[in-house]
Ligand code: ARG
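The chain below stands alone and is given in structure tokens; this is the form predicted on its own.
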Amino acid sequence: MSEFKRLEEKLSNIVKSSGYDADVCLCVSNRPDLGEYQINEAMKFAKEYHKNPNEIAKDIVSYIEKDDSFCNVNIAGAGFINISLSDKFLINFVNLLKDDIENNIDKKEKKKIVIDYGGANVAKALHVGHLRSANIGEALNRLAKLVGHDTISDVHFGDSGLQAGIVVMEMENMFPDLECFKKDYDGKDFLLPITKEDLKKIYPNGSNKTKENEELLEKAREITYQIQKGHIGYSKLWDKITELSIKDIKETYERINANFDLWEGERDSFQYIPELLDYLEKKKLLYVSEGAKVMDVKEDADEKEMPPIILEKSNGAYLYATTDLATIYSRIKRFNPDEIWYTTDLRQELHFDQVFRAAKKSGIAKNVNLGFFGFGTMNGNDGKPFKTRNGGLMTLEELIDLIKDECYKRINDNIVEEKDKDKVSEQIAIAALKYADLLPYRETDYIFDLSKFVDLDGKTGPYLLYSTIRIKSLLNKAKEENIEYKKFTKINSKTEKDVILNLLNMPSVINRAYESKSLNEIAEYIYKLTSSYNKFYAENKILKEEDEELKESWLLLSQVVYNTNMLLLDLMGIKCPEKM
């Protein structure tokens, strides 16, 4: 349990001792001139106890003043209680953190959570939209682990949609003599005659043809259906294309520090679809409409029309809803999770609403919480999805390289050796990109601004890296000078007290981020903590301080801030270079 949580429990017990029964919520004060924190419970008690809130506040304050954890306890307005924390309490708090920074995190009751993010389509290049899914999903995965849950992360490739038929059709047009296209093909192995660079062109070429020719579109649909039903030649070719594509996708995900326990896709659900449909048939939940098998998911409370979910087309083909519902079915069967989370574009909200309702109505996910955590888009200055200069949709690789090139130009040649510049510029670029992407609330659209994102000043990833590296450099110099700092004993000014109070508030920030499933408050918090430390750093010559007790305290506080920053950077999937 965090010290902040213990503080709230202590105040709750004090309030109960004063004769009022309620748990206290300690709020950061909006009037710091009156106190660091605020308690508003007296206002709530007034009606329940039929007393003036100011009188209630006086009762409570008389008990709080007896505890040496608190100081400057006062009442404002109609009964708002303001309190500050004593140096004794704050000193003990810093010493608690020096042993283990995770003492400052509230752990939750352990759950098993499957987290579905990434969602790349096989045989297509990752575009900027895939950044948000992987970045937000990876951060939520790390956040869930940090607060004590067991997680299973799944990239969940799109590998069974129309793009499969389009790519195989285009391959047949390009390589008609390929072994897998022969009528007597028996499944034996063959070499794929394309590279990953070729693959990036094949889908766009085939897609453009299907837009102009209805017959080719129908042919692609038929091939997609045949792959779903296990056509030996098409399936073998698609397996090879998938393998080539996934290798490329993995490399890009690794660049943004997104990792997955499972590298599964829609086709992994195929083996469960017959079992799923049979289950739904027996439950009498399916009916035939225009030859298709559908299921009603509307509810009496619906204010808007909720269309039925289509699970099998009239020709026997499966849809995304089929594979997503079958995937839920398989995940529950294999992993028995408490929750399943999805991070995708907000525009898929209706789709997941239908699938979740089907899972609940059928009893498949009776005891499993299903969560959809959608996100907005990264846009250009025109307010539309970010594109290349020639107007095409920018790939994620192109975006990373664009930022990396800008970071490379800004690296200090006197600090970073030439041989390390490429690696360091990549790390700074990823920090700039990921932090800028996590800074807005998850559902908010935001404008991509290259010069702003890579700036060393302001609310940016490079600013956080530079500040964290500087703290590490300070601690390294202390080590070189054989300066030991084992205990925090002294608070000298309001500046370092502000740093400590920011550290104390971290558990509340993490809890709110977990509840909202958005990292924006954590991104804001690490900037606030770092800025308060930088102010403290600028005001004091730490290593030259003559008061040894004060120097030791300052260094230990610096170590705690460094450890906190490293924990939160890692939470956001950001790696910190040694120099920049």
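Just so it is clear, the model here is predicted, and its values are computed rather than measured. One rule holds for the numbers: they count along the sequence shown, beginning at 1.
One more form of this protein, predicted in complex with arginine, exists but is not displayed; see below.
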Using 4.5 Å between non-hydrogen atoms, is residue 238 touching arginine in the model of the complex? no
Residue 130 within 4.5 Å of arginine in the model of the complex, heavy atoms: yes
Arginine contact in the model of the complex: residue 116, any heavy atom under 4.5 Å: yes
Hey, in the model of the complex, does residue 386 get a heavy atom within 4.5 angstroms of arginine? no
Quick one: which of 119-127, 429-437, 218-226, 450-458 gets within 4.5 Å of arginine in the model of the complex, going by heavy atoms? 119-127
In the model of the complex, which of the listed residues (93, 318, 342, 488) lies with a heavy atom within 4.5 Å of arginine? 342
Arginine: the contacting residue among 444, 369, 348, 379 in the model of the complex [heavy atom, 4.5 Å]: 348
Can you tell me which bits of 143-167 touch arginine in the model of the complex, meaning any heavy atom within 4.5 Å? 156, 158
